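The chain below stands alone and is given in structure tokens; this is the form predicted on its own.
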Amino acid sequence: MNRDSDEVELERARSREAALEVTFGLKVKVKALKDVDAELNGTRLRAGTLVEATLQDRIVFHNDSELDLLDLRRRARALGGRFQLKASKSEYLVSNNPSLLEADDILLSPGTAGDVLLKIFCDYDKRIGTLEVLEADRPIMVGETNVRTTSPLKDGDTIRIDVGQFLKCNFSERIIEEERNIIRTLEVSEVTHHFSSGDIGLEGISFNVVRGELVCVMGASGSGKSTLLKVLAGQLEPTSGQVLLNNQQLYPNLDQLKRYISYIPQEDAFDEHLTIGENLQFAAAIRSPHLSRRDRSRRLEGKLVELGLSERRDAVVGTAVKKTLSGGERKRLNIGLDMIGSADVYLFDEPTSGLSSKDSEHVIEIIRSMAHNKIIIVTIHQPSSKLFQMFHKAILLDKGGRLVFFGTPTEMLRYFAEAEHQHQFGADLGACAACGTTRPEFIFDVLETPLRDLSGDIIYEENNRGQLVPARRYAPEFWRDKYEAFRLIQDVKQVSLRKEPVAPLPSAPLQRKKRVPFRWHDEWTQLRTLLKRAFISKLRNRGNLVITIGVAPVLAFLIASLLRYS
């Protein structure tokens, strides 16, 4: 801990500089390794003190700055784990499913869907080992070698579990370290975008999202929600400002970084003439051609259960006019097509539009289940109270793409309740006793408070479309400036986690002199899948089938009749 700069640095192992040891389990245990001028649940953190807490608690430091334990856990998950091997134990099971493990085995941090079960045999004297793959729905590699059954291990070898997830074997020190080469942070810095017409889409947007957070983007129509998502997806380069993934600029490195981002628009991406199971099966084959049919089938079964569509797997999706699935089922299927992939950042554009409140909750619950190990940003017009509280953070945009709040849902509700109380009654900020108890719709009521004349009647003005709309009491610039002042105060109070050095993401082999080997199996699997999907879809489309089979003979008959006597 840096007392002068109020920064906290995370380490996977205890060192001489370590001040606190935090263990996350059913309870959060915080042990003070040395005297720290801070409190947790009213207990001073002196050397040797052990305090039990929950994820909702915060460590309060000497200058009233705070450290959120929930945020600390998200950062710790991204670092991976460090496992000390015991001299008395030579066999270890490795899995991301705790129910498959016993005491002292190696539990991986959450990764993509599907279980992995490995066994590592250790020979500490010879500093070697053996890897056995017991269960995996993805390729397990040691170096450049794909392991299907067993593989020898030597000191310093790296086992690739998944994209960006590795185990480094250090038999001489009896340590196995889990390394995560993944997208840990998404940072937006002073992003502004002007359209060719001269209209402002976004103006000076800045915020930071870490791995494990589910963030919603709220705002009225035309406030720049979809524009922001397209900028983050690499589809719309901003006029100024930067989008950073792991401190790397997105647009100068777009070819390298775009594979880590998945953008899911409002439009459906599935084939209407295929069943639910077929749509997901073909999506898995196209996105993961390296997997065997058995592994893809297992991933498909798990995804159907996760989406709540296992009982409808044989139902044909149907057209927008002739529907066989409900709106919620169609949305869940559309989400599932991209969930089969292995992106680190998911961007959902209005996934709940046109759905009932119950279907909306089900869709957000599915998206939330992905958020434990991803960065997920969702645009939503105006959520219900229950839906709003399901998000970890919320971004509020006003007209002209201006950022007027970024924080937790509870903080946003409290902020606007206090602001409304201050403007109505002239009380100081924070004087509202009932702040934080209002519904989310209240936020927009405060944001768009109408301007009234002396008699109390609403004053109307003409917008750029020639329509009469209520004039606003406070302009978007007012709310933006107010939030900037509020954020400066909060930054002083909040303890910042020092940015740990992030390993560079694996770059595409564009500058290698030797030719990249052509993956015939993967390319052939994708081509065969596309042809099969197109053939089945056209075969089930009766109108297309009639035209394809009947048009040629009819034309031939007509032409023959006309040219018969020529």
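Here the structure is a predicted model, which is why all the values come from computation and not from measurement. Residue numbers here begin at 1 and follow the sequence given.
Heads up, the form predicted in complex with a small molecule isn't pictured, but that's what we're talking about next.
Asks: Residues in which of 215-223, 84-92, 407-415, 272-280 have heavy atoms within 4.5 Å of the small molecule in the predicted bound form?
Replies: That would be 215-223.
Asks: Applying a 4.5 Å heavy atom distance criterion, does residue 227 contact the small molecule in the predicted bound form?
Replies: Heavy-atom contact with the small molecule at 4.5 Å: present for residue 227.
Asks: Contact with the small molecule in the predicted bound form for residue 162, defined as at least one heavy atom pair within 4.5 Å: yes or no?
Replies: Heavy-atom contact with the small molecule at 4.5 Å: absent for residue 162.
Asks: Given that the small molecule is not shown alongside this chain, does residue 372 nevertheless sit within 4.5 Å of it in the predicted bound form, heavy atom to heavy atom?
Replies: Because no heavy atom of residue 372 falls inside 4.5 Å of the small molecule in the predicted bound form, the answer is no.
Asks: Using a 4.5 angstroms cut-off on non-hydrogen atoms, would residue 344 count as touching the small molecule in the predicted bound form?
Replies: Because no heavy atom of residue 344 falls inside 4.5 Å of the small molecule in the predicted bound form, the answer is no.
Asks: In the predicted bound form, which of the listed residues (259, 452, 381, 298) lies with a heavy atom within 4.5 Å of the small molecule?
Replies: It is 381.
Asks: Pick from 130, 422, 266, 239: which residue has any heavy atom within 4.5 angstroms of the small molecule in the predicted bound form?
Replies: Checked against the cut-off, the match is 266.
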